[in-house]
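The same protein chain appears twice below, in two forms, each given on its own as structure tokens and labelled structure 1 and structure 2.
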Structure 1
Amino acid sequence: MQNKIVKWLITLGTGIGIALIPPPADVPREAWTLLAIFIATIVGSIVQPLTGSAMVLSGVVAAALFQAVPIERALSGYADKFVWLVLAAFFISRAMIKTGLGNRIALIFVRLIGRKTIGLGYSLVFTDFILASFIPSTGARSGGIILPIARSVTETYDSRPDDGTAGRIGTFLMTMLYQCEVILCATFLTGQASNLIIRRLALDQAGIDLNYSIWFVSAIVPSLVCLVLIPLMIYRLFPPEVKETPNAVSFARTELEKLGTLTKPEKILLAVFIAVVALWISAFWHGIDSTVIAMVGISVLLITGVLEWRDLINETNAWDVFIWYGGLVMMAAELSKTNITTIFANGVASVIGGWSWPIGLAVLALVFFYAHYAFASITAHVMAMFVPFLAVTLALGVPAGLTVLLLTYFANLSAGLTHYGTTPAPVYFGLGYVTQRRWWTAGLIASVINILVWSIVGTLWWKLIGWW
């Protein structure tokens, strides 16, 4: 009880403390209040006087109550299509579990490369690598495709979030998959949706066109280094209790024989699955939104009886994520509408105006990277900070090619810091295999590795291929 009061004091103290600081001259009162509530919500979801979701809902309520945003906008995150893509991903993964198809696919993977836990992880990362080369929807790709398989793998190894068995394999696997996912976001122009925005901004502001091949060639060397180092780091940090599974291959073979041929619900799900993926891949031609495609898939599963309505409304994990992710998306979106980030960026730039460009670039890139703690999407981060930071670094005399590439990749990699950094984060995190403390610890260590590799190996590689 006393413990709880201390937690409340920290959370409310942060919010009230910031709110009492007079806002900078150009910042409207509402924007400053929102900043205070946002930071208090984040602090509160770390120290947890209430469960994180309840903290966020309280933050949404506070934002409306203290008139930081009107109620209509305070609720706007719950109509956000990316939030609904997360919901849809949960429902599809429920169908994977219900029909047993996810289990079957997992067993096939286990049969193929299941001799070691890390091999299992890489088989999924490899799948995600292929997908990222043409599917820019991270929510769809990870939440809809990789996650259901990962979830079945962990269930196959009797590793579950709630009963003390998370450490067997789930904690390691979910952390590895998400951190690798973030690297894959950075690796392809199609790695995630707002990379296309970055391409536009870089062309407009610095005259550099990061087309598909330039993007990939520049990224692949540091990307591969990180795809080796970061899983190894996570393996050391959260060593899975199940490390070697010598009997897994024969076990999987036996289980697959028991399962026999595909059942009718499995066939329908597989067909829906392939159709949804095919439509996602071909989105460039038909232009149908990926949330719409996912929701059509769910409608088909409902119509064919593969999913029943009660499967959806009883998927309470999904509603939990819906509440907190929707709330954070709203706050981040509303904050990015204010001029707080711009003022912040300009303030930083004015301080370091006289420095040499390598030091200036280093400081700015780090600030740019760690600012992602305040963003619930890469898009919001890019929209708020990419242009001012690019402008400042160019003004400092940093070669255009170098700063464009560094900021571009950092915009993606920084999403690994938190459990709300980009669309798939709440999907993986929401399963409950990884505590917030562990998630953030892994994110922080991975961020150091990513920053070192991309700024040393990357910079040398880009010099070598003539980008600066």
Structure 2
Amino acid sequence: MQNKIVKWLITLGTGIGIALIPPPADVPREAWTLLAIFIATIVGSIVQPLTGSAMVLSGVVAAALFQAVPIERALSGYADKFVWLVLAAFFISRAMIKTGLGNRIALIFVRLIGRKTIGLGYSLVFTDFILASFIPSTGARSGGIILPIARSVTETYDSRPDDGTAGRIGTFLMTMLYQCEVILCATFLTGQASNLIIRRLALDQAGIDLNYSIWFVSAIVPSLVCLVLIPLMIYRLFPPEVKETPNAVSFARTELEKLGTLTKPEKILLAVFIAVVALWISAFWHGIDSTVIAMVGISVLLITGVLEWRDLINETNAWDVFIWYGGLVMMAAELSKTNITTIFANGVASVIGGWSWPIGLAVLALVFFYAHYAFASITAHVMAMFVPFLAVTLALGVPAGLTVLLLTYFANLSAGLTHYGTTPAPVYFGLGYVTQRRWWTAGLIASVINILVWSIVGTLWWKLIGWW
């Protein structure tokens, strides 16, 4: 209770302190009040006197109560189409777990390339790659599909966190899977939930629409390079004691035999998955909105009985994200209508105005990346820093496309730094296979590789496809 009171005092003190500061002459009091509520909401999401969703809902209520925005606009975020797209994608992930299709896909990859420890790791990463193409819940992918199989295999080789055998295979596997997870978060628009927030902010602030296909095409080259290099780095610096894993293949084969042939629900879900992803990728041809495509997919799953209505109601993670995402979308949209961001950008730009834009971009991007040490979620990081840093870099004369892509992918990749960087991190770390020191060491080394690859290979690729 005492700890919770301290957290509340930090949150409320932040908001009240900012609200009491006289705003600049050209900033309306309502805009300044909204800024104070927004910053207090972000601080609350970090220290968490309540859950993140509860903090955002409190921020929405405060915005209306203190007349920063009318109640109709305070609730407008929940009508945003991107919010509903995230909701629909979570429902599809529920179907993936319910039918067992995700588990089957993972076992197939393990059976094919799981004879060596590094191949076993890649087999689970390949599974995650497929799932990330349409499931934005990193918790569902990791906790519901990838991690249970990884844990079963590690115990097959008597590698456990509490008896000194973690290094046999578990330490390597858990470290590799998480570091690749953040790369996959960056690879797809559906890689993790707050990517839809980034898409909205990029559209509002820079006029760039990172739709599904554009996001993927821009990310795939540096992503594949990192998905090759990062596992090899971890394998070399933190080698597993067990290098060969034939038992993993036997385990996968046995489990697949138990599953039998594809069930009718699995076949329907597989068809829906292929159709939804294909329509998302080809949206520039047919013009159907991505949210409409996702909602049609959910409707088909309901009509065919693959999902029942209570499955949607019981998908608490989906509704949790719906609450915080809708509230944050509203606050970001309302703040973008003010000139606060412009004032901040002009102030910072005046300090570094003599720098060339490549140097300015490099410094700001590094600050943006390593600031994630202070954040426990990608969402909080994005909402606090994406728009101001975007505004500052644009003020320096950096090409808009280059700026948006670099900040977008860095926001995801930076989550690999710590054991609390994003939702799956505490799940992997909590198993006890990886010490905090080793986790942070691997995260720091991986961050250097990721920064170099996405800054060099990425920028060259984006130049080739015309982003700057």
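Values in this document were obtained by computation on a predicted structure and should not be read as measured data. Take the two forms, superpose them, and find the largest set of C-alpha atoms that agree within 1.5 Å; that set is the rigid core. Along the sequence of structure 1, residues get numbers from 1 upward.
Source of structure 2: the form predicted alone. Superposed on the core, the two forms barely differ at residue 452: its CA moves less than 2 Å between structures 1 and 2. Relative to the superposed rigid core, residue 319 undergoes a CA displacement of at least 2 Å between structures 1 and 2. For residue 428, a C-alpha deviation below 2 angstroms is recorded between structures 1 and 2 after rigid-core alignment.
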